[in-house]
Every structure is written in structure tokens, then in C-alpha cells.
Ligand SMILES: C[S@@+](CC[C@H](N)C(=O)[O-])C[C@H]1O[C@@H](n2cnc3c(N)ncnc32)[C@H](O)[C@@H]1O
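Only one chain is included here, represented as C-alpha cells and corresponding to the form predicted alone.
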Amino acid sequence: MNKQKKIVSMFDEIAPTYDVANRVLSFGVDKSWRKKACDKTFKIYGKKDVDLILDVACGTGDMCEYWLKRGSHNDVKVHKVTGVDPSVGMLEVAKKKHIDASFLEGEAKNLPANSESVDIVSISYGLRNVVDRVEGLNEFNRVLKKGGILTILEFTKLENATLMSKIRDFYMKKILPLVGGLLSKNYEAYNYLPNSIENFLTREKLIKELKEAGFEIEFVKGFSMDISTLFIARKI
């Protein structure tokens, strides 16, 4: 089994408890990160009529629901939201939520969308799980309309160690695997998650890759002591 298939299989296994684990492990603060990401994206895009939002690595559909809710909050008419994920287990959970969105099986590097057909592409805490990341970023660029927006929420690797980063790392490496493992009965999965952050890019390196993929950086902001980082980029 290759690395990407192994990651997908892992998410299939933890799908039934994924939402509960997320809320517990983030103390619910991830909800505010998602709201801020949606609100800032709509403001930067500047259009009140949005044909299609494509949420990649949509998991259990959380971000799809936020796009719809925050669109209404920002007086933006969102005509269609589609969630894409390679994990059938995650998609099954998403579909049971009865969100007004479509859910399709697919990978970041091969999206089920026509070229230049999407207004906004988003990926929340899934980019570090995309093995062929450069291909994925190029694919995001392909499906976006000219001037379309890419919104990324991710846990990035910190360049320099600080007191707060040490506290973050302790929580991620020691507490998260224990609590996540207890909730999901899958300790391997929740050991993988902090390791995936450690092996991921720094903020600066991800910005560089985005530029190389044909994006112009519009906004970058860290949340909660830089635990999470929001990147908003526009297709040139």
C-alpha cells in the first residue's frame, strides 16, 4: 500500500469518531478559525454571487457547512458547494449530516471539476496529507477561475522554537495522541497527525510553493499562538 492510500485508509477508520475528537482536541476553537477563514475569503473575493465553492479534503463536511452559513451571514449568494475527499468513510459521515452540498470521492491532484469553473477552492487541515502536494496546488489553480481564491487552513511547522511553540508541540505530541487514541481507539492515527505537522512546510515555504503554482498571496494570519495558519491566495 502506497503512502497516500495508507493515509486514506487511516481516515476511513477514524471517520465515525472524527468530529467528536476534533471538538475535544481543539476545545472547539477550530470553529472560530473556520468562520474567520470564510468571512475573510468572501471579503477578499469581493463578489456577492458565487457559482461554486470546492472544498478539498472535505472530511466530514464541516467546512462545506461553514461556507453556506457564512455566505448567508455575509450576504453572499452561494449557488453550489461541493466537497471532495478520497476517504469514503469520511464522505459517508458528511452525507448523513444533510448539508446542502454535494460530496464526491476524489483526490487533490485530480479534482472532479472543469478548468476555470470554480470561484473558491478551500482545503482545511488536509494539505499536509496530500502526498503529491505540488500537483495538488497546480490542480487547484487549474479548476479556479481567473481571479478565483484559494483558502488554506493548516498546521504549519514553526521555523523557530519559542516558549509557546514548545507548549504547542508538547500538546500535539503527548496529549493529542493519547486523547485522540482513546476516543477513536486508533492510536496510530493520532500519532501520525502531530508527525505530519513536524514533517510539513513552514509558513514561508508554503507561500513560496503557492507563488510557484501561479498564486498571488492576499492574506496570511496565524491563530491561537500560531497553532493554525490561514492562507488566502488569488489565481493570477
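Model, not experiment: these values are computed from the prediction. Residues carry their position along the shown sequence, with the first being 1.
Below, we turn to the form predicted in complex with the ligand, even though it does not appear here.
- In the model of the complex, at least one heavy atom of residue 18 sits within 4.5 Å of the ligand.
- Contact check for residue 34: a non-hydrogen atom falls within 4.5 Å of the ligand in the model of the complex.
- The closest heavy atom approach of residue 143 to the ligand in the model of the complex falls outside 4.5 Å.
- The ligand in the model of the complex is approached by residue 56, whose closest heavy atom lies within 4.5 angstroms of it.
- Proximity to the ligand in the model of the complex, taken as a non-hydrogen atom within 4.5 angstroms, holds for one residue of 78, 108, 113, 152, which is 108.
- Only one segment in the set 85-93, 113-121, 144-152, 68-76 has any non-hydrogen atom within 4.5 angstroms of the ligand in the model of the complex, and it is 85-93.
- Using a 4.5 Å cut-off to the ligand in the model of the complex, each of 4, 11 and 129 places a heavy atom inside that distance.
- Residues are counted as partner-facing when one of their heavy atoms sits within 4.5 Å of the ligand in the model of the complex; in 199-228 not one qualifies.
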